[in-house]
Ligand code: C5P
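Okay, so here's just one chain, in structure tokens, the form predicted on its own.
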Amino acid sequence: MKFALVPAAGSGSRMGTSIPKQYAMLCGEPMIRHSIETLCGFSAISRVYVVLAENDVRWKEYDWSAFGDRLVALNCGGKTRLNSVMNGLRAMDAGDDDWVLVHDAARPCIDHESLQRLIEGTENEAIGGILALPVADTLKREDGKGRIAETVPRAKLWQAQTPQMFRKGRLLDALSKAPADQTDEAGAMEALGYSPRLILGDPGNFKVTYPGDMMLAEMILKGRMGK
């Protein structure tokens, strides 16, 4: 079986808002709802688990009943993303061999076509894989003083996205051995010697990080809604 896990226990401090980023309003709904709607509406995913902070009080301010038992909220978030994902994996009702698609709450523009590519390109893999995009821009390494130290060749470089899809047991083992600041599930798998597959993502599936990103996300979502 396949399940989605959405860690949503962070504060989103870089957004400069007084509320956690996942609850920032986007097209009239909290940002996290857009990801949940796409994941819950994808038939290959049996259930979507959202990992909230233990003291989260905003979740219940919204009506999630439309998703029925396909959506489960878990108040077991940790201090870091890694802790939240690990706690969620342990709390969710899934077997070690089941697939888990870990997706950022701050990527509200994920679409069904990308999910389909990820599943088709990964489910027959022994390890799993992630959505990603080949790096198109010229990359510069900074010298620590605001100047260019060198140009980094972009050949064979990819920009990681989410979901990242792995079997629950193997992912939990990898995360349990990863450093506390690990924010990328694939990175934890790589540290154990695994080589996850790269599946072509979509430029619209970007991570909302700064205030200006909200305008772009709203344009993409309204375009899909035909507004």
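We number the residues from 1 along the sequence you see. All of these numbers come straight from a predicted model, not from anything done at the bench.
Just so you know, the form predicted in complex with the ligand exists too; it's not on screen, but the next bit is about it.
The single contact residue among A105, L89, L118, L101, judged by any heavy atom lying within 4.5 Å of the ligand in the predicted bound form, is A105.
Only one of R154, K79, H112, K140 lies close to the ligand in the predicted bound form, with a heavy atom inside 4.5 Å, and it is K79. In the predicted bound form, at least one heavy atom of S84 sits within 4.5 Å of the ligand. Although the partner is absent here, G204 lies well away from the ligand in the predicted bound form, with no heavy atom inside 4.5 Å. Interface membership of A8, defined by any non-hydrogen atom within 4.5 Å of the ligand in the predicted bound form, is confirmed.
With the partner omitted here, the stretch from 146 to 154, 91 to 99, 124 to 132, 71 to 79 that lies within 4.5 Å of the ligand by heavy atoms in the predicted bound form is 71 to 79.
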